[in-house]
Each structure stands twice: as structure tokens, then as C-alpha cells.
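One chain comes next, on its own, written out as C-alpha cells in the form predicted alone.
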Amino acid sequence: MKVTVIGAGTMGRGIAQVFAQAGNSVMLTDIYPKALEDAASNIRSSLERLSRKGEIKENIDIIMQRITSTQELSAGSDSDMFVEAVIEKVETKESLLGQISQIARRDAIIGTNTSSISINQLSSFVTYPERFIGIHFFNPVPVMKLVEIVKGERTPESLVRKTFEIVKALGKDPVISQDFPGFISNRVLMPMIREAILVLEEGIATKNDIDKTMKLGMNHPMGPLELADFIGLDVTLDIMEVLYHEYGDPRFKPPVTLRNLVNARKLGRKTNEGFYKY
């Protein structure tokens, strides 16, 4: 199968890697040459780590040869599947999905890696929306087993089943969600992160004790504040804003502390400072 992944950031390069590991031909596209260069380097480093752990047996060079990097989206016009993995902004995705529709074959699957935006809304930007589906991978993609498959009102069961099998072939464990904002994961996760931030804001406990409580008391591998830093505080804010706008429920309203950190460009691990310093 030939797959075009659009967006060479953290999620896009991880998605490209797992498709290539599974034997697929991958076209990784981005408008920024530096992003493509960094993606190639990061993918190789990731594969080397997995190889040292004995989690992959195939030669790394062979896997890398399956990935072609390009700034030209049209280079993937003969792809069997497209996976959009750009920023969580409706207007950005609208423009990109329109471009994909113009070049994709009629029978090509068009998937989005959105973590919170309505599949029904995004499908309206695609010609033949019955070929559109949500495929939400989790970071880090090469390690995390879960993938949310999200079906819209016009997504046929045949496409859900086909996508389910494609995801299983990647070595992932898919779940299926109806198209409600936040799907399963962020619908549950974001109120928890929000509440943790409010506990910190109100001076009830320190950030370390909040995270320790969830790790040792609830057996979570990461505390909610640490996890927000890992996700990216800008991404966390974007998701909360989508959920708050869609549901109008205060349990999704972004806390002031989160917004202040994002405005200060303290975005978590990727900027070396968020709730914690790295």
C-alpha cells in the first residue's frame, strides 16, 4: 500500500514511521524543508532505539528507503491512503483537505489525525466524504498501541472495517468512536488535566504532589501536569477550546494558568519549560 502523510511534525513523522515499518511505501510531505530534514533524522533515531531494544528486526536502511520526503503534495497522487497530521486548526485542515481532494484517486482513503475536531465538519471539506475517516494516533506513535478510529455520519461501515484492519496491520490496537468532540480519549482526559491545573491554581497542592497523587494513587504512568507538558500546552489549550466551544460546558473551559503559559511560549517539553523545566 502507498500512503501519503501530510505534516512532518512529531505526529506526522511517527505515523510515517509505523507505516514504513509495516512494509508500506510512504510519501511524507511538508511545506517546510527543515521539517522534512528533521523528520528523517528523528525517524532514523527512533528506529535505532527500537532496534537496540530488539523490537524491530528488519534492517533500518530498508525501512528508511520506504519513506520519500517531498514538499509537493501532488507527488502522492497515486496513494491508496492519505493521513493528514497538521496543526489542530479547522482553517488549516480545511485548506489541506481541499487540496488532497483535488489530487486523490476516487477510491483513496482520506484520514485525519485530529484529536478533537468533528469528523463530520472536516468531511465537508472533502470531495466524496464517504471516503473520509478519523484516524487518531497517540504520541509517541511508534510506541503507543492505541488508535482511535472515528466515524462520521457519512462514513460507511465498510470503510470503518477496512481502516480497522489497516491499523491492526501496523501492530496497533484500535478502538471505534462516534463523532463527538474529543472522541473517547480527550473527552475523558481534558477535564482531568483541567482539574489538576485548577488544584494548582487554588494552592491546594504543589505540582509535584498533584502528579504524585495520580501516579501512585491511581497507577497512572504520568501525572496530569506532566502529561500536559508532554502533549504540548499549546495543543492541550487548542483541544480544550474546541471542547468548550462545542459543548459549552465549563468542565472544558481552559484555565487561566494554561493560557498564560501558552502566551509566554512555555509549551512544555518541546520548549524545555511548561509546568516543569526540562
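Here the structure is a predicted model, which is why all the values come from computation and not from measurement. The numbering used is simple: start at 1 and walk along the sequence shown.
The protein also exists as the form predicted together with a small molecule; that form is not presented, and the subsequent description refers to it.
Not one of Asn120, Lys151 and Tyr247 places a heavy atom within 4.5 Å of the small molecule in the model of the complex. Residue heavy atoms within 4.5 Å of the small molecule in the model of the complex occur in exactly one stretch of 155-163, 138-146, 169-177, 197-205, and that stretch is 138-146. Not displayed here, the small molecule is kept clear of Lys34 by more than 4.5 Å at the level of heavy atoms in the model of the complex. Proximity of Lys53 to the small molecule in the model of the complex: non-hydrogen atoms within 4.5 Å are present. Contact annotation for Leu28: none of its heavy atoms lies within 4.5 Å of the small molecule in the model of the complex. Using a 4.5 angstroms limit between non-hydrogen atoms, Met222 touches the small molecule in the model of the complex. When the small molecule is considered in the model of the complex, only one residue from Leu237, Ile210, Ile67, Leu227 comes within 4.5 Å through any heavy atom, namely Leu227. Of the candidates Ile63, Val242, Met214, Ile231, Ile231 is the one whose heavy atoms come within 4.5 Å of the small molecule in the model of the complex; the others do not.
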